[in-house]
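The chain below stands alone and is given in structure tokens; this is the form predicted alone.
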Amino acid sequence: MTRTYKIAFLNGDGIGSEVVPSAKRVLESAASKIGLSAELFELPIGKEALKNFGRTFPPLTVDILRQCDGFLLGPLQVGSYPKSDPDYPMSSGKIRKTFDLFANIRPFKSFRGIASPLYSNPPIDFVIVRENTEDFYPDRNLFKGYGEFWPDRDTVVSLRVITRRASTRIAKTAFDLAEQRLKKRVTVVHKSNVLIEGDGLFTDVARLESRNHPEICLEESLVDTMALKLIQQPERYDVILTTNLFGDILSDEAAALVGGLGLAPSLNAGDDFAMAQSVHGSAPDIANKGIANPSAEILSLAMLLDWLYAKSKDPKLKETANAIKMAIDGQLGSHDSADRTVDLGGTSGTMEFTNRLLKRIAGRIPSIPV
């Protein structure tokens, strides 16, 4: 019996209303070609939801997401919502908490035809595995009043939380991923010479987990050293394991190595749910101009399909993901400037780029194996 996969699409803010619909069209085309049965939902989040429902992450959205196999989230303009919003300061954080999406997987690889502005040696192919639920980002520093931990209006105390449970499961995720890759190396990135207790715990857990994976080489790096080495020798890295804040910062640096944030996908995954979401933000400066690069959002969607395949072993999921990745790879590797968006030196806007991609998926433009 053919299974129908339920996948939700949430535009978010800014360029989200342009790049997310592009990803949805790509999935519809690839699924139709492969014969994958998919039921696609559009759900409100962000400013659209705030306008229509009085909050950025309404209960209706939560309820429907719980019934879905996975979801694709567009960028959210964090920091732009009023404090009266019940989901302030960020609904994407609430999604991660609600669905326990503890692993943020962010791959970075060179694409044919896309020159790195910073690096020209062997191809880049590494992935940042970022803990997704604690550190500074869960906003535990939002105290309601002033007192022992927030003495006055001119002092802010931010509480950084690192736990053994969260560190253990993200370390296992990183080592399991390294087992599937060629270099079989995990680099744990930290600042334990200064953040002695928190990062000390994080690195200790990584060392313990490495004992369960004797074929994987474990190395360690201070985060400031890693910021340098990523520029100097990005080709040597494989799986980079790190905490929430460090992973977020290093990801933007890594994106610059491969052509920019428009080529930086990611997946937020837990044991039971996964959410695809590109690394880039809402880019309000180019919103509604029709020039946003949808590649990162589309590649994030392919990551979601791969995650669903790992859970279900349904070959049509893998075939659909591969069809999308082959089309993207073929298009970015083309010598035709119309096959690239303006941020990559091309001439196409969001719509034209997507239309050309759909032609590749349909077979009207030859593609290449992944």
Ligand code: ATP
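Just count from 1 along the sequence shown to find any residue number. On a predicted model such as this, the values are computed, not experimentally measured, just so you know.
Just so it is clear, the following notes concern the form predicted in complex with ligand ATP, a form of the same protein that is not shown.
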| item | value |
| --- | --- |
| 4.5 angstroms heavy atom contact with ligand ATP in the predicted complex for residue 286 | yes |
| 4.5 Å heavy atom contact, residue 292 to ligand ATP in the predicted complex | yes |
| Non-hydrogen atom contact residue 262 with ligand ATP in the predicted complex at 4.5 angstroms | yes |
| Touches ligand ATP in the predicted complex: residue 130 (any heavy atom, 4.5 Å) | no |
| Heavy atom contact within 4.5 Å of ligand ATP in the predicted complex, the stretch among 99-107, 254-262, 209-217, 193-201 | 254-262 |
| Option touching ligand ATP, based on a heavy atom within 4.5 Å in the predicted complex, out of 123, 281, 270, 89 | 281 |
| Heavy atom within 4.5 Å of ligand ATP in the predicted complex - the one residue of 23, 15, 361, 10 that qualifies | 15 |
| Within 4.5 Å of ligand ATP in the predicted complex: residues from 330-347 (heavy atom criterion) | 343 |
